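So this first bit is one chain, no partners, the form predicted alone, shown in structure tokens.
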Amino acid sequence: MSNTFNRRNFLAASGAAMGAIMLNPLSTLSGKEPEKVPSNKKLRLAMVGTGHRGAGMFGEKVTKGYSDYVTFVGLCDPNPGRLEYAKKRMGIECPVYTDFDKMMTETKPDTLIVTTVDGFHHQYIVRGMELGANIISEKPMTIDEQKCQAIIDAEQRTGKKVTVSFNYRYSPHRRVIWEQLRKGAIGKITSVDFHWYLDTRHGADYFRRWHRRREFSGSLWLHKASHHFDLLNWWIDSDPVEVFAYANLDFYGKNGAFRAENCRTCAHTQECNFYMDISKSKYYMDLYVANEKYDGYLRDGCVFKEDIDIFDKMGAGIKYANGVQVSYSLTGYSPYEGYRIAFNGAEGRIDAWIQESNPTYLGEYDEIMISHNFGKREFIRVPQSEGHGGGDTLLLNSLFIPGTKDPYRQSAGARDGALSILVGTAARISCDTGNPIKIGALTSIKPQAQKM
């Protein structure tokens, strides 16, 4: 199948469209600015979890960019210090609570945003729906199959809706891949090679924070890779049916030559490449260090602590209901951050690569290469954007601007959230048991060859 995608036209059109959106985050793809919502009709929001993601992306960005459409009526967190800091940073005057049920019953929000530690998502999602709210959940929706089933059951029982905030879907680069696959640029997809690299800055952070424990994050199979599995499900347009995986902890944790409780109390700051001087960040000092007295949470934990029980090297084979096979890997200690992906098809191949962390290697655009069997090779250049590849603003538009259209099927519901975490859950179980794991055996969701 010939490809009629014109590089020059695409660059001009996408550059102009994305420029307009970045200059005015309330602009939609149609170029029209939506009408303001009367104050008595604004979406009433409450949020539980006021750490970095809550106070920042779903707090400050929402209050500054979407106040014409939403209003916060309550914030909740078990740490009263972080609560007050988040409220101040967001610039709002709403009640704050350490008692979740009290917040929900007193403020009666239309929508609850859940940005807590992953292992507690299900508690707030289920209870939030029972108390009358729709849910916006940060990914992953939850961390195992039992918690996932509880959310599925609660959504059906209450009639409320769960939306999962997969901002990676909204990145223009990933959207162009979706468009090329949908238009048949390489014919029928047969297999995918997907390899993700976390660097020794951002990647290491997962091993110094609460993410280092399975009970809180479900491991990087869930906290990080659920992003990647959701992209695969969306791109391939089918449901995963079976996973076989290997993984190990080869670099962090017990593999370190020395360790401490956290960087501030460490005797090895001069010799450790992972020393983090948290005092250099006023934001971290105000949000985390100033509030350690309430819960003991250390933002600058040691990456070599022996209680780390997640993996830093992961690989999986994933089979889809439509016959597509995926080879996936994640490395947690790479010198650079990003990914490489290739889609193999009956009529060609799509290759794409992103490097996210080192500014030395960044340019004005990211490329997608399309190679046609017995034909020419083409390149599509997608202008680079900040905020998870330009996805953050488009995601927030879809969540909070009434009437925002969804032509690329980027909005993700509970079923999407479930299938992304079930791949990770199956991979983790496979690592522990040495067996391939059937997705359909984990919850009541039955995989479909074609997306529903």
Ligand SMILES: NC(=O)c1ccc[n+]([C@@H]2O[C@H](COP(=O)([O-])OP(=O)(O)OC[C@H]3O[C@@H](n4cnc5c(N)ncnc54)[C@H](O)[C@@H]3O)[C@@H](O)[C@H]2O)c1
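What you see is a predicted model, and the numbers here were worked out from it, not measured in a lab. A residue's number is simply how far along the shown sequence it sits, counting from 1.
The following text describes the form predicted in complex with the named molecule, which does not appear among the structures shown.
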Segment assignment from 108 to 116, 169 to 177, 346 to 354, 329 to 337: heavy atom within 4.5 Å of the named molecule in the predicted bound form: 108 to 116
Which residue, Gly59, Gly417, Gly49, Gly390, has a heavy atom that falls within 4.5 Å of the named molecule in the predicted bound form? Gly49
Under a 4.5 angstroms heavy atom criterion, identify the one residue in Pro140, Gly218, Pro240, Gly203 near the named molecule in the predicted bound form. Pro140
May I ask whether Arg213, Lys254 and Gly424 all come within 4.5 angstroms of the named molecule in the predicted bound form, judged by heavy atoms? no
Would Glu130 count as touching the named molecule in the predicted bound form under a 4.5 Å heavy atom rule? no
Is Asp295 part of the interface with the named molecule in the predicted bound form - any heavy atom within 4.5 Å? yes
Any non-hydrogen atom of Asn79 within 4.5 angstroms of the named molecule in the predicted bound form: yes
Is it the case that His372, even though its partner is missing from this view, gets within 4.5 Å of the named molecule in the predicted bound form, heavy atoms only? no
Stretch 179 to 207 - residues with a heavy atom within 4.5 Å of the named molecule in the predicted bound form: none
